[in-house]
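Given as structure tokens, the chain that follows is alone and in the form predicted on its own.
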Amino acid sequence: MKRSRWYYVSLGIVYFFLLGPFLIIFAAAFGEESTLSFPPQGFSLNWFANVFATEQFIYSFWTSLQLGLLATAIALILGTPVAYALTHFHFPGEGLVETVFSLPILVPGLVIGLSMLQFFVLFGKFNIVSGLLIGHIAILFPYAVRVVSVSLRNLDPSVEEAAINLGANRLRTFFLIVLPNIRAGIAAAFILGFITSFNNVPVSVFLSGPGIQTLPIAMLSYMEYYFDPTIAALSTLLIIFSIVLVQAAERVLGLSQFV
């Protein structure tokens, strides 16, 4: 069927609004001027060099990296058994349980961050690192459950039943049969969770503190005092990092079939 001219016009408008801001940031990152502007004047790589020369960015990058890896791993350790239970057993209130586990996705991130801040202040003495870790685990847990659940539903149940019929108990079957067969789904959940944690702002902005900041919060703090293309250069690097990571996951794991 031949598509009308308006179809391509509408598609172009959508792509313009989706990709336009990224193209502006990308172009501004190579400008020579000392203020962030578009279109850029001249061409320079000095702002990229300034990213790596800014200690605040380097330290917060490693904080975000370690936090993302640890929070994602713990969320998967907690979420995988939950996903298994939800896909293999039926019990009263099953729908309510799934809704409760999905709340961190449904509730705005700012509300979650504020709630956790109040909880930590009122009911426990947590240091900043522990608070950030717990907060990120909470927002990643639903993603782990959902993505692993999709992988479990795609797994042929006869494989697990055959192992049980041959004498293996459910726990042994889970570790020796189920987990190896859903490793692609677990890897996809890990990558999705890591990117979500690494780029998170709403929860991190409430739970960060003196000396401990994630990279997005460090970028916000930097922009309070400076308005040069360094932030555009760092944003460009993060965009490239995310695209490369997602595309690699798509090629190796087929990420789109899980999310």
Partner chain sequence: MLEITDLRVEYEKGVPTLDHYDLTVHSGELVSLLGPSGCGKTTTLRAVAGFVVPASGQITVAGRDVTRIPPNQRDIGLVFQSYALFPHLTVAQNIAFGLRMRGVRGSERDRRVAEALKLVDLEGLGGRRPAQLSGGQQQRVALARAVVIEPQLLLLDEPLSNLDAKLRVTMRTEIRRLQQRLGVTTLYVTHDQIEALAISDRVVVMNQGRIEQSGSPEEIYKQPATPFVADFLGFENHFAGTVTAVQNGETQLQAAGRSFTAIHADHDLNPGNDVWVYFRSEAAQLAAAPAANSLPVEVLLRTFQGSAVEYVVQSAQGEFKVRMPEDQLRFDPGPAHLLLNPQQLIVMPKT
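Residue numbers count along the first chain shown, from 1. Here the structure is a predicted model, which means the values were calculated and not measured.
Not on display, but discussed next: the form predicted in complex with its partner chain.
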Is every one of Pro202, Ser221 and Glu224 in contact with its partner chain in the predicted bound form, taking contact as a heavy atom within 4.5 Å? no
Interface check vs its partner chain in the predicted bound form: of Asn127, Thr99, Asn169, Gln118, the one with a heavy atom inside 4.5 Å is Asn169
Which of Leu114, Ala184, Ile105, Val159 has a heavy atom within 4.5 Å of its partner chain in the predicted bound form? Val159
If you check in the predicted bound form, is Gly93 within 4.5 Å of its partner chain, heavy atoms only? no
So in the predicted bound form, is its partner chain close enough to Leu176 to count as touching (4.5 Å, heavy atoms)? yes
Taking its partner chain as it sits in the predicted bound form, is Ile164 near enough to touch it, meaning that at least one heavy atom pair lies within 4.5 angstroms? yes
Hey, of 83 to 91, 70 to 78, 137 to 145, 151 to 159, which bit sits against its partner chain in the predicted bound form at 4.5 Å between non-hydrogen atoms? 151 to 159
